[in-house]
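Just the one chain here, laid out as structure tokens, in the form predicted on its own.
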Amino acid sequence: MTPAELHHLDRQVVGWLDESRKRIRAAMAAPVCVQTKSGRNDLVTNVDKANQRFLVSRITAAYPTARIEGEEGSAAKVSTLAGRVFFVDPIDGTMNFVKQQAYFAVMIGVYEDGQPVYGAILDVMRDEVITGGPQLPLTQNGVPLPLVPDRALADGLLGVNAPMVINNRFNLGQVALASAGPRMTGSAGMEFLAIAQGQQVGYVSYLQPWDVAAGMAFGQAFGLQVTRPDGSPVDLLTPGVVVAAMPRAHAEILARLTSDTFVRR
């Protein structure tokens, strides 16, 4: 994308997310229809589905040749990252949305031939949207954010997947104890926002492509390292464990995960 095209995309996505926020807040005034997917803690609501339809309609109208992968299944699963691909999570943290009506996000990540171009994450209840990418500075509601500090693991909070840390999968319990303290928000989008705002040094979780695409893209604006536990690149065609952290913390997390005490489960 040219700089002009990238700024145009940014204005479009921010506009879509603003309308999306208004739709979600209006829908919250009525009873929400909740269903389960893979299990009792894997929820989807009528609001998730309606917001995905809305976002897909906007993307399709603006970029008719692009492919779209969304969490709720109305968009086809992509089999290749060739060309332009939009990853859409219409409500990230649906359990939080249902139980707390807080701490959930809407995410859009844009990729060209597998390379990150642009990411946007909206904190719906705070009306805060952070955007950025390899060629686009990190901004919050259009205002540039300060440089994200590169702290050691011991000096920063670490976002973690609750079941993984409780069960010490991949030694994540020990990694969390080595940090200044673990945080479990139940939303990948909220975790990536916390890193971008300098509130956390990283995040470790099992993520789907739409969970990581936006954060990985805007992380390019401030040096966020995003890999698998063995240091290999994240493949956006498949889910898996993701280590997203600032460079110093990322190196230490990987060293601990690949040490002799690394538990593979």
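These numbers come from a predicted model, not from an experiment. We number the residues from 1 along the sequence you see.
Missing here is the form predicted together with another copy of the chain; even so, the following discussion is about that form.
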Exercise. Pick the stretch from 97-105, 83-91, 112-120, 138-146 whose residues have a heavy atom within 4.5 Å of another copy of the chain in the model of the complex.
Key: 97-105
Quiz item: Ser79: heavy atom within 4.5 Å of another copy of the chain in the model of the complex?
Solution: no
Quiz item: Does the 4.5 Å heavy atom contact test between Ala176 and another copy of the chain in the model of the complex come out positive?
Solution: yes
Quiz item: Hey, in the model of the complex, is Val129 touching another copy of the chain, heavy atoms inside 4.5 Å?
Solution: no
Quiz item: Just to confirm, Pro163 within 4.5 Å of another copy of the chain in the model of the complex by heavy atoms?
Solution: yes
Quiz prompt | All of Arg25, Gly223 and Val243 within 4.5 Å of another copy of the chain in the model of the complex, heavy atom check | solution = no
